[in-house]
Every structure is written in C-alpha cells, then in structure tokens.
Ligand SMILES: NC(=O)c1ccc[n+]([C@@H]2O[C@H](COP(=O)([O-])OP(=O)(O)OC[C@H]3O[C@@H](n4cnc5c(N)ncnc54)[C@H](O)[C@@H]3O)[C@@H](O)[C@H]2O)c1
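Read the single chain below, which is given as structure tokens and is the form predicted on its own.
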Amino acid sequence: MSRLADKVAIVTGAAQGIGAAFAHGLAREGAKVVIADWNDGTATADAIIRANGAALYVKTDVSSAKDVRAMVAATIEKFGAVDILVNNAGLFAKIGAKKFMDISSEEFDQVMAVNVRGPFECAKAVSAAMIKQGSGKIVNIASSTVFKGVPNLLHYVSSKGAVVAMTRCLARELGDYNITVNAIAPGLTMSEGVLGQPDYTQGYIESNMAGRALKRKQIPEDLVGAMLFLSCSDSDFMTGQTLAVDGGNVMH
C-alpha cells in the first residue's frame, strides 16, 4: 500500500538532481507533487504524470516571499492541501570552493537568501494550511558539512548550520499543531550540479569517499528513503532531528 496516498507534497529545487529524485520518490508512494523551482521543472512534472502520477510545476524563487506565497496558493488551488514540504532548493555546486577571505559580501548574501531565507519563507507559507488541517511534515535539507567544519565553503556550511538550527526552532513552535519538522544532512552527492562543477575533481571525490564507512559515491537516490520516512506516518513521533545520510562519514 502506498504510504502517501492522497497526500500533497511540495519539493523545492526539484527540476533536477536530488530534488527530482525526491519528487519521483514521493510520487511513487502516491503523493501529488508540486515541483517548485526557478529552473524549468516541466520535465520532472511530465515524467511523473507519464508514470500515472499527479504533478505540477510552479516557477518559484524561494528567496521571494511573494513567489513562495503564490506557489503555495497554486498548490492548494490545484490539489486542495499541503501535507508535506521538502525544503531542498539551495546553492551549492554553482558557487565553487574558495577561502573565506575571497567570498564577496554579495555572494555570501546570495547563498544565505536561497539556503536560509528560502526554507524560512517556504515553512512560513505552508504553516497556515498545515495548522488549519492539524497536521503536516516539513523536511529540510541540511548538509553533513555542518558537523565537519569543511573549509573553503564557509558561506554554504554556515547556511546549512542555520538550517539545522531552524529545524529545531520550527519543531518547537509547530509541535502543538501536530506538524513535525526534521532535516536530512547529505554528504557529497553526485547530482548533475556536482558532476558539472570543475572544483569537484575525481581526486576530491575519492578523498571524500575515503572518509566514509561505506566507500562508494553517494547518488541522489540514496537520500530518498530517509526523506520518505520523514514525510510519512512512520516518523510521527520524531521532530527536531537531523539525520546524517552520507555513508557514515559523519557519526553523531
């Protein structure tokens, strides 16, 4: 039996990569899926529909409160509810690695706007509907770099540290409404963005793999199971937690 039959899920940043894998995973479990992305997510939505699922693409800048409110309104108009929010959209592969002294103030602000304010705006926008229906699942995507203090990505690691803190605060504030808020902390994942970034050379990837208990490359599908667990009733008494899914690189 599908674990998410008749549920409605929003996945931000689902045009490709990890977000697309999340969208397909939710659809396979019976959820109606909204792909919210600044990039064109039509292909992801169409693939779900061709597989007899229900999906909608809404162009969304997650750092824009106006865009996010419009996206949530479109979701409710199309599917009638919002049961699940997966805050996946983020800047990572495109920013590249550099020493913190070389990060411009503009780039720092851009990363924070997408990676921190984005999840904040999305959680804020869905909370009214979730509170009204008396239930909801919010799954934030952090990073295992938070627990390692990875160098040359200070703005990215700091933004994901904020996501962990936000997860805990939201869990406290929304618990009375039967809304759970948890996070997943992935390791370096072989998404399209990472594979197309010259900073992530084969040597860098192999070095990262060497620190894992499970010494292989991480792919987007490795994260789908944890996301589904946090999105369904199996995790109803779990909130404020961050699950590291990185092959045993981080253990905490």
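None of these values were measured; they are calculated from a predicted model. Residue numbers here begin at 1 and follow the sequence given.
If you look for the form predicted together with the named molecule, you will not find it shown, but the lines that follow are about it.
Subject >> Contact test, all of Asn39, Val62 and Glu192, partner the named molecule in the model of the complex, heavy atom 4.5 Å >> reply: Yes, all three are in contact.
**OP:** Counting only non-hydrogen atoms, choose the one of 147-155, 128-136, 91-99, 72-80 that falls within 4.5 Å of the named molecule in the model of the complex.
**Re:** Of the stretches listed, the one contacting the partner is 91-99.
Original post:
Even though the named molecule is not shown here, does Gln16 get within 4.5 Å of it in the model of the complex, heavy atoms only?
Top reply: Yes, Gln16 sits close enough to the named molecule in the model of the complex that at least one of its heavy atoms falls within 4.5 Å.
Original post:
Is there any non-hydrogen atom of Ala226 lying within 4.5 Å of the named molecule in the model of the complex?
Top reply: Residue-level check for Ala226: no, no contact with the named molecule.
Subject >> 4.5 Å heavy atom contact, Val114 and the named molecule in the model of the complex >> reply: Because a heavy atom of Val114 falls inside 4.5 Å of the named molecule in the model of the complex, the answer is yes.
**OP:** Would you check, heavy atoms only and a 4.5 Å threshold, whether Val181 touches the named molecule in the model of the complex?
**Re:** Although the named molecule is absent here, Val181 would stay clear of it in the model of the complex, with no heavy atoms inside 4.5 Å.
Original post:
Are there residues in 121-159 with a heavy atom within 4.5 Å of the named molecule in the model of the complex, and which are they, in order?
Top reply: Stretch hits, in order: Ile141, Ala142, Ser143, Tyr156.
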